[in-house]
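To begin, one chain is listed below as structure tokens, in the form predicted alone.
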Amino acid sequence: MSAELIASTRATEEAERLLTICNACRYCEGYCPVFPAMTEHRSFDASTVYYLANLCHQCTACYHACQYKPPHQFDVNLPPVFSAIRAQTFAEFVWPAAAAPLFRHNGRFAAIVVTLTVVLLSLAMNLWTAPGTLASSHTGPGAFYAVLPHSWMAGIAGVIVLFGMASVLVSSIRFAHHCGLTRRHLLSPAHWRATITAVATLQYLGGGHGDGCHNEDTHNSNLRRHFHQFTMWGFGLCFLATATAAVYELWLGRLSPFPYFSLPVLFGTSGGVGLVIGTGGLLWLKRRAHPQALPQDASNLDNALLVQLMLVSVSGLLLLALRESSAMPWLLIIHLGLVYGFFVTLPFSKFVHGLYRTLALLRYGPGLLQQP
């Protein structure tokens, strides 16, 4: 039996032990959906443990409230165990399966991929563009395509995004089947209404009472919830910027870069600023987190995703600010390399936790509405 499989088995067994104790106590029932969902079970197999671990939002309220936490002999500390199990689910259900080791070395993998995409794109542009192109300023509609032809830009992005979507879709279907999500859940308006509300508001980063997570000690704060919201909505606005840019170019015949007060630029700027605030804030909070409740095993996954999102955002904002200068060609190459690298690594990163958590919430369904 491999070391990875031994660790996986031990984490699942430890979760089963802890959940059995928690099921007898039930003191934390009001904190999040994990504990009400837990009470529906008398025993906890791997499928149930995976489901409950992905319902967990890592607010650590249960750790700080628990009378059996370390140094008690019961040694109850669910957050880091659930975090380890979530990392297991990412590796277990990923497609293609050969990519599973990438979750264990995610920071190194992301750094290699991003570096390669930036370097290869730089070399290609130096070889295939006319002399002086990368040292000159380019302004007006179509300026970006003087550096990298539209067919290349869209073609590379299309291949990467289509593969990523296929990988994430297959992985999500595998997880949904394993955790017991059924057609009844998928076709229930009540389940969808409750799930969308919970995801859109990130209500379970409120600690069960709306006062927020325990970021450092027993003091509650909504900072983590707010930084997550900046990150989530910032990413959504950047996606909206890309979609509106496609409409401008394909349907309206307008070429990028667009005017500063056009919709693509306004959406992209707002999203980029939101991502910088959100990712920077989350990295800062991770450094201040309570050491015993901190999921050390998942820090590699968390940091890799947050740093990538921040680099993409900062490079995009710099490109916007300096797009009429001679620095634009190189800023465009760096930004596109970071974007391509991000989407190459996306199916094998912490990004999938949002999808798995949404599916777990969808299974839990209307019970969400009973929580504050």
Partner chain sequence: MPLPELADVVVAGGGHAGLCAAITAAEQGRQVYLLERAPAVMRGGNTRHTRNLRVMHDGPVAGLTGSYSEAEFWADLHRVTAGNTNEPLARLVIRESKPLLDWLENHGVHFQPSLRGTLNLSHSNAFFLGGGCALSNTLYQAAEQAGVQIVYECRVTSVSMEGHRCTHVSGQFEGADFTLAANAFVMCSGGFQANAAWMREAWGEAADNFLIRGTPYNEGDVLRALMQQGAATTGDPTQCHAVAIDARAPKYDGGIVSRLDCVPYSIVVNRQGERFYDEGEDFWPKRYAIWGRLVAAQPEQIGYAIIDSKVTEHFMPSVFPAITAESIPALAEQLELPIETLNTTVQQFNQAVQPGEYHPQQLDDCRTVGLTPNKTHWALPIDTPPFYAYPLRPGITFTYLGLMVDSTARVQLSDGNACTNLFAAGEIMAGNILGQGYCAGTGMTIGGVFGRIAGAQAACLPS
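Positions refer to the first chain, counted from 1. Values in this document were obtained by computation on a predicted structure and should not be read as measured data.
The following text describes the form predicted in complex with its partner chain, which does not appear among the structures shown.
Looking at heavy atoms inside 4.5 Å, which stretch does its partner chain contact in the model of the complex, given the options 340-348, 307-315, 45-53, 24-32?
Answer to the contact question: 24-32.
For a quick test of understanding: in the model of the complex, does each of Leu102, Thr115 and His335 have a heavy atom within 4.5 Å of its partner chain?
Judged in the model of the complex, none of Leu102, Thr115 and His335 sits within 4.5 Å of its partner chain.
Taking heavy atoms only, is Thr39 within 4.5 angstroms of its partner chain in the model of the complex?
Close contact exists here: in the model of the complex, Thr39 approaches its partner chain to within 4.5 Å, heavy atoms only.
In the model of the complex, does Asn220 have a heavy atom within 4.5 Å of its partner chain?
Asn220: yes, in contact with its partner chain in the model of the complex.
Residue-level contact is defined here as any heavy atom of the residue lying within 4.5 Å of its partner chain in the model of the complex; does Arg323 satisfy this criterion?
Judged by the heavy-atom cut-off of 4.5 Å, Arg323 is well away from its partner chain in the model of the complex.
Since only the chain is shown here, I'm wondering whether His72 would be in contact with its partner chain in the model of the complex (any heavy atom pair within 4.5 Å).
Yes, His72 lies within 4.5 Å of its partner chain in the model of the complex.
Within 4.5 Å, heavy atoms only, which of Arg108, His150, Arg193, His209 is in contact with its partner chain in the model of the complex?
The residue in contact is His209.
Taking its partner chain in the model of the complex, which residues along 155-188 bring a heavy atom to within 4.5 Å of it?
Nothing in the stretch sits within 4.5 Å of the partner.
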